[in-house]
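Okay, here we've got a single chain as structure tokens, the form predicted on its own, with questions on binding and movement later.
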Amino acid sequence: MLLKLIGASLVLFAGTLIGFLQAARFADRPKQIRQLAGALQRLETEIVFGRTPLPDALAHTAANAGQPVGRLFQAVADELSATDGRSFRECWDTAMKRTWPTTSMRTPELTVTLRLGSILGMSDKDDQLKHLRLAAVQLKAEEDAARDDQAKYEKMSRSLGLLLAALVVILMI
């Protein structure tokens, strides 16, 4: 009987924890999208006004961006410093796809950043500025959608974790 009680407690705890972790991902997504948009604005400043070379601009942006967004830009800077003849786009794509799972952001935001990476370093600063601003507008739309998702699903995730764990406990007994 004591073992069943301990097992039931552990299942309830684990289910509740899973629900809270999922709710945290819903809460983190809009924050990280806003952080990414801010980092792109910083990158824009470095490129357009500072006339900083792209690898240095990425490193400065990574240093000033909060985590996990800073890791995205640092990974691109690291890929660029590995002088193996790859284009900027290949380095950008590789770094983003490798480090993206460490964020709470989803595929739409990844698509925006990959599209941006295909343009950066390939054109003049005015064209890059235009694409950076377009990416900022697209990220703002994704942030609004993420806020809507957060409002809908954050509380539900917490409750669902607890309720499913309770269901498992009931079925165990």
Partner chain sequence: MLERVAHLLPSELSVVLSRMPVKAQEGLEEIRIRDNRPLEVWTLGVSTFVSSSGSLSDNPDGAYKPSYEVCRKLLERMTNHSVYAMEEELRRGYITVEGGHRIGLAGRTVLEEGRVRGIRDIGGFNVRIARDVTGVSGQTLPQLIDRSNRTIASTLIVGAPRQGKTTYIRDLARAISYGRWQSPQALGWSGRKVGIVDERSEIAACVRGIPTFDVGPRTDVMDACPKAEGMMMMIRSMSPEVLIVDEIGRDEDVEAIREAVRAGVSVVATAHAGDWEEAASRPAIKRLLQEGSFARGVVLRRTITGLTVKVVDLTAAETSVGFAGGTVGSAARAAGHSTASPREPTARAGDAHAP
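Residue numbers count along the first chain shown, from 1. Values in this document were obtained by computation on a predicted structure and should not be read as measured data.
Unshown form predicted together with its partner chain; subsequent notes refer to it.
Across the options 133 to 141, 66 to 74, 24 to 32, 45 to 53, residues that bring heavy atoms within 4.5 Å of its partner chain in the predicted complex belong to 45 to 53.
Q128 belongs to the set of residues with a heavy atom inside 4.5 Å of its partner chain in the predicted complex.
Its partner chain is not shown here, but in the predicted complex it comes within 4.5 Å of a heavy atom of M122.
Proximity of S87 to its partner chain in the predicted complex falls within the 4.5 Å heavy atom cutoff.
None of the heavy atoms of M96 is located within 4.5 Å of its partner chain in the predicted complex.
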